[in-house]
Ligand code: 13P
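For reference, the chain that follows is the form predicted on its own, supplied as structure tokens.
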Amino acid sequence: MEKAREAPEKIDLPCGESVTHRTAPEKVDALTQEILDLKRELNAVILAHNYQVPEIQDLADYVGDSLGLSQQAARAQADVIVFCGVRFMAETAKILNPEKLVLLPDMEAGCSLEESCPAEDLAAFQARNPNFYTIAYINCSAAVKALSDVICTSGNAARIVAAAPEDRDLLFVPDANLGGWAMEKTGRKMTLWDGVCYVHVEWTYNALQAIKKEHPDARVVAHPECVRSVRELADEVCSTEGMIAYCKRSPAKAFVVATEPGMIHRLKKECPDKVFIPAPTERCACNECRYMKLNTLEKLRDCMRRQAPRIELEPDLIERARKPIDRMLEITARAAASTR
């Protein structure tokens, strides 16, 4: 049996996101020990997104959202970044850490949002209106980031939209649901790209109504990638990092969670005195992301052994994709300074 860990340390980052630092277990099996040995040999940092399988989250140095993890990697004194997430996340880590080797355990770990918005299609659409100001959700490829004016996360989307120039026509890509939620929060009119997260659109008003009847005292917390009828039924709509904060401060003891169920592992660790119920769909009780679940401990070990698959991006693409990320960080920093 593994010994209990120390309480995880939460690290706040300049973007307003945060990550949780985890310490390695004192007792591990042979596979886990091999990964830890490889990490030392490579001087690597292992990052895990909130939706990864529990055994990867428990082994990682940091657990959190994609941007927060990439920023933490930039702060870490590591030569190699092993990103346990999906491809666009590892690309973001490479954009923010161009001098470091970035590994992804399974290069097939994609994203329906990224796939919905090919860079060539976006460029053609932008050409129709030179006045477009393109706001791109971070869940997109490096090539799409390079075509954008500013990046946003699910945690700061409304703030980034509110800060957009008043004299420009706003184009939000690739998630129509997150864009719609940002429009509701800000009152800014936008053209929305026709993209969705295939996981989050599976939750419906009827499915959530049914689970609420089973657990009348539970609060419903939903990700803004969910459809509007689900968002309107939720007690709180927020990013995965926002879910941690909300559940910690809420007096409620039970929560229905409408986001990828990998998130519940971290919620249980950080709020051990509370109950978390995965929101069911009308078809099943579990709604996992097939891309996130491609990564396994075996693939993590193998990619470290081979130092591959590697994320490789051209320097020019890195430079162009970095600019809208920096613009987002500048806007977020100004907003934080104004509230002090």
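The structure presented is a predicted model; accordingly, all values stated were derived computationally and were not measured. From 1 onward, residues are counted along the sequence shown.
Note that the form predicted together with the ligand isn't included here; everything after this is about it.
- Item | Heavy atom of Arg159 within 4.5 Å of the ligand in the model of the complex | Taking the distances in the model of the complex, the answer for Arg159 is no, it never comes within 4.5 Å of the ligand.
- Query: Is Asn295 close enough to touch the ligand in the model of the complex, meaning at least one heavy atom pair within 4.5 Å?
  - Reply: No, Asn295 stays farther than 4.5 Å from the ligand in the model of the complex.
- Message: Since only the chain is shown here, I'm wondering whether Asn97 would be in contact with the ligand in the model of the complex (any heavy atom pair within 4.5 Å).
- Response: Although the ligand is absent here, Asn97 would stay clear of it in the model of the complex, with no heavy atoms inside 4.5 Å.
- So, in the model of the complex, is Ser66 in contact with the ligand at a 4.5 angstroms heavy atom limit? Yes - in the model of the complex, heavy atoms of Ser66 and the ligand come within 4.5 Å of each other.
- Message: Looking at Thr92, Asn139, Ser148, Gln71 here, can you tell me which has any non-hydrogen atom within 4.5 angstroms of the ligand in the model of the complex?
- Response: In short, Asn139.
- Given that the ligand is left out here, which of Ser239, Thr204, Ser116, Thr134 has a heavy atom within 4.5 Å of it in the model of the complex? By the 4.5 Å heavy-atom cutoff, the listed residue in contact is Ser239.
- Which single stretch, out of 219-227, 121-129, 247-255, 73-81, brings residue heavy atoms within 4.5 Å of the ligand in the model of the complex? It is 219-227 that comes within 4.5 Å of the partner.
- Query: Can you name the residues of 183-207 that have a heavy atom within 4.5 Å of the ligand in the model of the complex?
  - Reply: The one in contact is His200.
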